[in-house]
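Read the single chain below, which is given as structure tokens and is the form predicted on its own.
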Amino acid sequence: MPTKRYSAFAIAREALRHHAGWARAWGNPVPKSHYDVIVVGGGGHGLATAYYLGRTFGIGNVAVLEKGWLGGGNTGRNTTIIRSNYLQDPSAAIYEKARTLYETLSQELNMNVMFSPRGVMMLAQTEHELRGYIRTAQANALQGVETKMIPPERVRQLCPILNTDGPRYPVLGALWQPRAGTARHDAVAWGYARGCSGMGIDILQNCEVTAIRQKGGQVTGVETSRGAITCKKLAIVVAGHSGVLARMAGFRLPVESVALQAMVSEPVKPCMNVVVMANTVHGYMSQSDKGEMVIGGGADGFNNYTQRGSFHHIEETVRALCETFPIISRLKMLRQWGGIVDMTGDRSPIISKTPLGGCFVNCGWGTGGFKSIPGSGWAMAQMIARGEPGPLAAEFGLERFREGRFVDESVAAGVAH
């Protein structure tokens, strides 16, 4: 379905028509019997993959299959942090690609994704963490990623509500990325969906994959709740449910699924215009455009598929953040939720071919998936189109676990955000 451009003139025109002329942002087609590429997963990564398949690589006969509604998984259940100051070269490359694409994504998609490059600071609250961040800053300088270490005095200037002299968690410095920030998670999914639909890509909601068909070691199609569909290539992009789909395809993935929790407070007047991450206590916070304090916590210590989380992690995160940000101690929590994240052993993603011919997988982003959506989708689309991973995806193949060639961000950062 062709899409009309959003603009100030369009708003004025539709105001005169009592807003009766707005078209659907994306279509609701009937599934076709065959597609060149089927992308399973209608979150940010799946939609971005389909978008760049059509936009960059000219493959238009594509379907995105989502068992629920678009963005109903982790895309709509995160704290919207965008940064690229990772230690390992492959990680920094793909996250910086994503951050760069985020800067012009609103213009690219003709949808305001509300990208706010307000800056992200990662607090060093132990001597060990301080040494680690100095190392990361030096690595980022070699990678061309704009990051620097700042002293406690500068931390207080950037975020006056932060207590840098806490008895348990003093701030010794911070790793500061000024061009990092946040974006509106729903708008990112909606923008990619609208872009896909405008190119004729079918977006099929409430279409659950129940089986994967194969013949002679080659994928031939899928069985869904809306009937059988054949395809030449299949992309599995389903985050926490990647292991389930892989089992349908006949192979195993080195991932485990756990719930990651977050919450928002009641809205308050503007008091914080940066993103602060305190990895020692595994808490991070920013203020939304509506005034809510968006707070992220830790992942459960056991495998599960719940989207609720558990109380003890919330209590631990809030207790530590109240010491770091005394101003929030009397705020009321507005809502809390959990997302199902897929964790690899080295806390780095998998963008790879699989043992099943014509089947590709994009998973393992753990707790850092939102920030990578544009870069992940671009790299995945390139691999599907060419049949081999490109430079961005090359280091993230499944074979690295067999070869012991890890992209170890767990040890490097101490946390995977």
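Don't overthink the numbering: it's just position in the shown sequence, from 1. Computed from a predicted structure; not experimentally measured.
There is another form of this protein, the form predicted in complex with a small molecule, and it is not shown here; the text below is about that form.
- Residue C207 is the only one of C207, A246, V318, V255 with a heavy atom lying within 4.5 Å of the small molecule in the predicted bound form.
- This chain lacks the partner; the member of W365, Y52, W26, Y35 within 4.5 angstroms of the small molecule in the predicted bound form by a non-hydrogen atom is W365.
- Annotated contact segment (heavy atom within 4.5 Å of the small molecule in the predicted bound form): 37-45, selected among 381-389, 37-45, 54-62, 344-352.
- Not displayed here, the small molecule is kept clear of L123 by more than 4.5 Å at the level of heavy atoms in the predicted bound form.
- Residue contact check for V188: none of its heavy atoms lie within 4.5 Å of the small molecule in the predicted bound form.
- Among heavy atoms of Y133, none comes within 4.5 Å of the small molecule in the predicted bound form.
- In the predicted bound form, the small molecule sits beyond 4.5 Å of every heavy atom of R179.
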